[in-house]
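The chain below stands alone and is given as structure tokens, in the form predicted alone.
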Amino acid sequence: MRKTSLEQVYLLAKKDKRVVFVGSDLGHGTLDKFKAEMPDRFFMEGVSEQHLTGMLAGMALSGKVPYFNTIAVFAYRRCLEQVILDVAIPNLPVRIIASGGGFVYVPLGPTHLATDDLAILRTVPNMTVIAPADAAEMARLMPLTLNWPGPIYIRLAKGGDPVVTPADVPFRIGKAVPVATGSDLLIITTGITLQFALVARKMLAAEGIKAGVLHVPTVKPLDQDGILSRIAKVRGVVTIEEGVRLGGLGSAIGELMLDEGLVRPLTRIGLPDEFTLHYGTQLEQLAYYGISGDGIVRAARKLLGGRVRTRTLAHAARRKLLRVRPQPSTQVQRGTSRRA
């Protein structure tokens, strides 16, 4: 995915002289062709992301479209104040390409886990937040970033992830991607979690549960109409993301449903409110937190089973109330409510 994104930056630079690439302490050989052919628009800086963010803002104010790439936690967390003050407030066309979103750098410990990026940056006004699912979707996204107004944060995965996005659905920033339909459940994904949703869908189908899948690569701005129209057709919703539940995609979906008065059972799969202090591979960490096909299936069973039980209890309660005929009285009987 990173290779695809940077190759697209090179191609955009060949077509448009406004495009500038800035890297922060990246490995030798990164975009060698860009450096050789357009050295005046290629900058490789050191570990100074706060300074670099101001530099990107200055370039944007000078009519450039700067693309900045470094490890995700350094691209937004270390320089968050500068991202807000220098880039977001003036609404400048700076493109932050964040390598290793989620658990990609988990062997380096909690300091390198970009699991709060979606939650943090979706609260920043003017910021567009995007998490593609695979390299093919990245290739469809990048040309659209050139003339998009305002700053963009693009979360990159590890690379080598299976291509699962539908090639016949054009990518549009701010639009959800319908992948599969289903009348019982809607699984809403972002980033690489789409692959897990497709696995879960097959497993649920074997149990007679019809699950739809809606991929949301643009976490902000959210495709409100596209999401609500599909939620309205199902009995329950499961969101899944490689990041914290607090403030992430699941929170955004819940807020949207609440604001619009659309009531459906909702389960959010993601990280709890805690630091990840145990070690392992990216897949091991994902499985530990239920961010997997199996995790979605478990959540779906619980969600839909609970819904069935709730309906049964509510129906029984209504029948009982129908059998109880309160007698007219001017006094409130003991044990009854004044509202009865």
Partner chain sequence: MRNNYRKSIPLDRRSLALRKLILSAYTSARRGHLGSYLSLVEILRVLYDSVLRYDPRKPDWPGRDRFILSKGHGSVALYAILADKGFFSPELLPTFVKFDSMFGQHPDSRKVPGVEACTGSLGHGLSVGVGMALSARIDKQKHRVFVVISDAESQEGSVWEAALSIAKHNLTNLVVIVDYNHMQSYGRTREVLDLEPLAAKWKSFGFGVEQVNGHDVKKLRQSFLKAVNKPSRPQVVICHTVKGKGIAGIENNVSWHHKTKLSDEDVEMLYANLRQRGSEN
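Note that the structure is predicted; figures quoted are calculated from it, not measured. Numbering follows the first chain given and starts at 1.
What comes next is about the form predicted together with the partner chain, which does not appear here.
With a 4.5 Å cutoff on heavy atoms, residue 51 counts as touching the partner chain in the model of the complex. Within this chain, residue 34 is remote from the site of the partner chain in the model of the complex, having no heavy atom within 4.5 Å. Contact check for residue 273: no non-hydrogen atom falls within 4.5 Å of the partner chain in the model of the complex. The shortest heavy atom separation between residue 43 and the partner chain in the model of the complex is within 4.5 Å. Taking the partner from elsewhere, every residue among 55, 82 and 86 has a non-hydrogen atom within 4.5 angstroms of the partner chain in the model of the complex. Residues of just one listed stretch (26 to 34, 295 to 303, 279 to 287, 62 to 70) have heavy atoms within 4.5 Å of the partner chain in the model of the complex: 62 to 70.
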